[in-house]
Each structure stands twice: as C-alpha cells, then as structure tokens.
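A single chain, nothing else alongside it, follows as structure tokens in the form predicted alone.
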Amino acid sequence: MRDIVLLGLNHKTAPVDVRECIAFTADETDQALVMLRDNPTIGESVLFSTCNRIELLMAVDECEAAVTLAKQFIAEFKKVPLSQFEKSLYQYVGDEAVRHTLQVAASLDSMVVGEPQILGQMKEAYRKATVEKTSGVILNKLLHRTFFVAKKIRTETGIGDHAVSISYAAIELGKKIFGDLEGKRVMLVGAGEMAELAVEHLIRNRAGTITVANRTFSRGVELADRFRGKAVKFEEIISCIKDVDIVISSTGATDYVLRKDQIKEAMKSRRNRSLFFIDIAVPRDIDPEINRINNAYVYDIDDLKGIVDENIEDRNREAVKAQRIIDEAVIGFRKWYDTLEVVPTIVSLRGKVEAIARQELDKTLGTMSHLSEADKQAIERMTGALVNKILHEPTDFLKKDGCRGNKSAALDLTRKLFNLENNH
C-alpha cells in the first residue's frame, strides 16, 4: 500500500535566496516530472513551485528511500548542494500530507491568508502532472478532493473577503466613499509595486480613466500602457488634478509631493467636487493639512492599516471554520484510502467463492442432462444469489467494521481463513 508523502519548503522555513535557488520554472517542472516518472522509487508525483513555496507531493512504496531520493534529485537537478536547503525542508506523511495539501489550496498556509492565486497555481501543477502521466489513482483522488474542498471553503467561509493588502484596502476605501468606483477617474502618483497592485484592483472595479504620474516618465508610460491609461509628467500633476476624483500616491519621496497651497489652488477649478487622496507611502507623500480644505479628504497608511488589521482578524476567525472543513475532508479521504487496501482482499474472496461455486455447479449440471435450458438458468441464478448472500456480511465487515479496529489484522485473518494467498 503506497504512502502519501509531501516534501517541501516555503516562506516560513526558507529565506527568499534559498527559495530562488531551488524554484522550478514551467519548463523545468515538465522536465523534472518526466525524470521522476522514470524512477521506480517514486510511484506518483506532482511538483508545485511558486515564489513562496516548492513542494513535491508523492505516492510511494518506501517512504524513507523516496524522501532520500527526492532530496538528492532536487539538489542535482537545480545544481545546488543539499546542505544549502535541507534544513529548510519539511516532510509530511499520510494524513498530515493530506492536511497540508488541503491547507495550501485553501490558502491557510499562504503569506496572506485567503489569497486566491494559490489554487490556480496548484491546478496548473496538477495539469502538468496529468499531461506527463506522473499522477495516478491516489494523487488524482487527493487533488480532485483538494480542489473541491478549497472551493467549498471559499463559498462557506469569509476567508477571501475584505482587504488584507494596503493597495487593496485603498481601493476598498475608495468604494466606501463613492458607493462604487465605476467610471471614477483616478490619478496614481508613483508607479511602483503598490501602484501596480492598486491599478489591478481599480480595473476589476471598472474605474474610469487612470492617469499615472511618475518621476521617471518612461516607467509611468509603461504602467499606463499596460492598463490602457495615460501618463503625465510629474510637473503636470497639479494641472491634471482638476479632472480626477481620487489620487493614490505611493512614491519613494522623502518629503511631501502634494502640499496644501497647491491643492487649495487646484480646487478652485473643481467647483466644489470632492477630491479624495489616499496616501500609501511611507514617509507620507500628501500633506495632512490638505484635510482642512473644503471637499478635500486625505487618508494615510495608518487609516488603511486599521482596515487591514481588522480584516486580517476577520480572516483568521474564518480560518478556524476552514480548518474544521479540512479536518472533515482528511477523515473522508482516509476512509477512501483505507478501502484501497480492502478492495484486493474482497476481490480475491469473491473470486475464490465464485470459482468454487462455478466448479460445483458445472459438475452437478453435467450429471443432469435431462434439465431444460430454463431449469439450468434458474439453478445458475440461485447459485449466484447464494454467493452474494454468503459474501454480503464478510464484505460489509471488511469495508466498515474491520476499519474501526485493527484493519490489517482483519484482512490478514480473512486471507488466512480462505487461503487467499494460494488462490491462483
């Protein structure tokens, strides 16, 4: 009976420089799977590699040998000494490997609990394994179950609700202010990673024109082009502000980029239309004194952190519910997994009893040539019914009751009682 084993490292156990060394590209994953498939020590395998984790999920006959081989394989494939990453590796076997796989898919093991990308990445890893035929009966069942449970967790808990990144919180705040962001014009001051994430959320919320102002104009143009926005020079910010509803600022400046006197002047041409500033820079980009201007509202990173912290608490509460769903799924998978060991015994038992019945039936019918065809069929049906009735309770016991106690002992006794080992 094969063991399920998971070997890996992640953002909790290994720093980024170690993760980078052994991360697998898409092409390397394909290549590695082919090499693993050809190795008899590893029965089934799925290789999962992202910037935050590298994990090899396996179904193996000999756990220790497979883990030793897998470690060596990663070291040789990536040309990195094993000593460089071995201390960062974790290893799970059986139910714990199943539980970990479910937790990863439900994003309970992610840097940000509840983030949705991980499930898509796992599905892609599984697709590659099915293409290369490295996933078999056990891992197919486990991963189908995993994807079903991850979807159930997202539907039945609020684990994916609410903003838990500063950029996302900024957009959520904009939504609270305006009701919705559809058609709202936004200016991004700065074109770094925070701005990029904010733009993705804005597009999802069908915001209107997105204007990007960045000190390095070419970088502003690049970000604006990617999201069909427009780029302006840093010096044009004040003249363009009259046409926007929200300003999101995230530069690396050491002093205020927007000051009270500049905005006071710009507001004159806005005819009292509200203007919202969301400052996600540290140190701050936007002079908090702007709040004193009529119809101008400034929110800084501390306001957003309050939202994020509250939402992380919400997600963590939901994670407890998710954990219960996972515990149930582990028990369910274990029941299915245990039947794999039972099935061959049941098949052998039925085969033996049916063969004896067939032998005796043929012998008896051979001496009763006067019977009509209908009579012979009736006796055959009766023999089949007898076999089914005799086997019903032993089969039921092996499938259910036998699993409650010492299942291996029940299977062993059945095989001895019916001499199934010599049933060839």
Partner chain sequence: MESVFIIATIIYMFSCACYFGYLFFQKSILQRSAIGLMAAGFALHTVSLVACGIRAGNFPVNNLHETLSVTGWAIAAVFLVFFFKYKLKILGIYAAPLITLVMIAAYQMPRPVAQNPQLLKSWWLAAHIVTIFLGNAAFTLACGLGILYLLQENAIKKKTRGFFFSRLPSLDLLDTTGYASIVVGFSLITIGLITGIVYAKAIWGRFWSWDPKEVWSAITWLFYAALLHERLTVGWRGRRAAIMAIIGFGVLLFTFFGVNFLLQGHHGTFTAM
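All values derive from a computational prediction rather than experimental measurement. Numbering follows the first chain given and starts at 1. If you superpose the two forms and keep the largest set of C-alpha atoms that fall within 1.5 Å, you have the rigid core.
Same protein, other form: the form predicted in complex with the partner chain, not shown, and the subject of what follows.
Only one of 90-98, 75-83, 185-193, 169-177 places residue heavy atoms within 4.5 angstroms of the partner chain in the predicted complex, namely 169-177. In the predicted complex, the partner chain sits beyond 4.5 Å of every heavy atom of Asn214. Using a 4.5 angstroms threshold between heavy atoms, Asn291 counts as touching the partner chain in the predicted complex. Looking at Ala296, you'd find a heavy atom of it within 4.5 angstroms of the partner chain in the predicted complex. In the predicted complex, the partner chain stays beyond 4.5 Å of every heavy atom belonging to Lys133.
None of Asn272, Ser239, Ser218, Thr254 but one reaches within 4.5 angstroms of the partner chain in the predicted complex through a heavy atom, and that residue is Asn272. Only one of Glu115, Asp338, Glu124, Asp303 lies close to the partner chain in the predicted complex, with a heavy atom inside 4.5 Å, and it is Asp303. Taking the partner chain as it sits in the predicted complex, the stretch 308-341 comes within 4.5 angstroms of it through a non-hydrogen atom at Glu310, Asn311.
Residue displacement note: Leu275 has its CA displaced by at least 2 Å between the shown form and the other one (rigid core superposed). A displacement of 2 angstroms or greater separates the C-alpha positions of Asp180 between the shown form and the other one, with the rigid core held in common.
Put the two forms on the same core and the Cα of Phe73 is off by less than 2 Å between the shown form and the other one.
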